[in-house]
Structures are given as C-alpha cells and as structure tokens.
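Given next, in structure tokens, is a single chain: the form predicted on its own.
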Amino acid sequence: MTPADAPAQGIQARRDDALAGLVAAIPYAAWLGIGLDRRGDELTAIMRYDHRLIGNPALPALHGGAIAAFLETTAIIELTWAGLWAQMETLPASGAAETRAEAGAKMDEGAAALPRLPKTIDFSVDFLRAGLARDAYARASVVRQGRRYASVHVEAWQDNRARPFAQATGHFLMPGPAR
C-alpha cells in the first residue's frame, strides 16, 4: 500500500465497518446466517444454507418464513444502507487533514449511533419456485423513498440470477430524525 492509497483504504474500512454494524444491529440476520457482499454502493445479501432453514424435508426446500425473512431483512438493510451511503458520500475524499479528521470523527459518531431502522408497513412475497437446499442471494432496490415512507422491491435467486425463486415488495415507515 502506498501513502496515496491510505485515504481510499480508510474510506473502504469505514464503509465496511458501518455495514457490519448495520447487520449486527439486526440479530435475526445473524440467526438466519445472512451476510453481505458490497461492491461499491451495490449490496448482495447471502443467506448461507443451513439444515434448520428447511421447511419441506421431502424436497428438501427452504421454509417460506425463512425466505420471507431473508427478503424483508435485505430490504431493510438496503433502505438503511442507502441513507448511510448518502452520508458517507458527503465526506470529502481529500482535503486538509483537519477536514478529514472532522469527517472521520463524524463517521465514528455515526458508527456508534447507527440509524434507527425503518418499520415495515406491509410486505408482499411472491414465491415463484421452491428454494432449494443451497445458498440464496438477494438484491433490493429502493423504488421510492421520501421522508416518511419508502417502497422497496427485492428479488432472491440461487443458481441463476435470471430465475428468481422469490420476489417481494415492501412498504416501510421511515424513522424520524433523532431526538
């Protein structure tokens, strides 16, 4: 690593730390075995296969509740991450050391006090085919977000992104400003 790479490495580390803190704030995500792969501002949620996620042992197929929870958790993380990403992007990429230090302190405060999570108003899941006994992936996209309300679409797939096994649309109540 060259000295010129240090600011970029710091930004990457802060983003990864903020994302890890966000996932840690949702204990059910850890129970489901959900991890995230971040490429720039794009997130892919990964639900690692575990035998306790099986709902139909005859097939075997993933339980519908586990699939729905995976999709809803992915939507909430994407929605929250979109807000965090906007905050991180307002930080200066370079500049005076004093400015970077202030920005780093601001991010540290942000990591310590992660934003409150949106609350689900409704969540509609379309089960398109059986989720097989293997890892599952999901991506969410924010369709519309205002100050009080957001709409998110999520798709989950396993072997072929073009053949999702479930998709969902959720509406969320956005948290108000911190008091």
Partner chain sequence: MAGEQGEDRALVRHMLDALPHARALGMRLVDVAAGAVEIEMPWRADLVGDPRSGVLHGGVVSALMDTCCGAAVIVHPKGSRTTATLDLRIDYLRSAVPGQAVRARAECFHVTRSVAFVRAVARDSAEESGPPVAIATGAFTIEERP
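Keep in mind the model is a prediction, meaning the values are calculated, not measured. Positions refer to the first chain, counted from 1.
The next section is about a form of this same protein that is not shown, the form predicted in complex with its partner chain.
Of the stretches 36 to 44, 145 to 153, 66 to 74, 131 to 139, only 66 to 74 has residues with a heavy atom within 4.5 Å of its partner chain in the predicted complex. Contact check for A25: a heavy atom falls within 4.5 Å of its partner chain in the predicted complex. Its partner chain in the predicted complex comes within 4.5 Å of a heavy atom belonging to H51.
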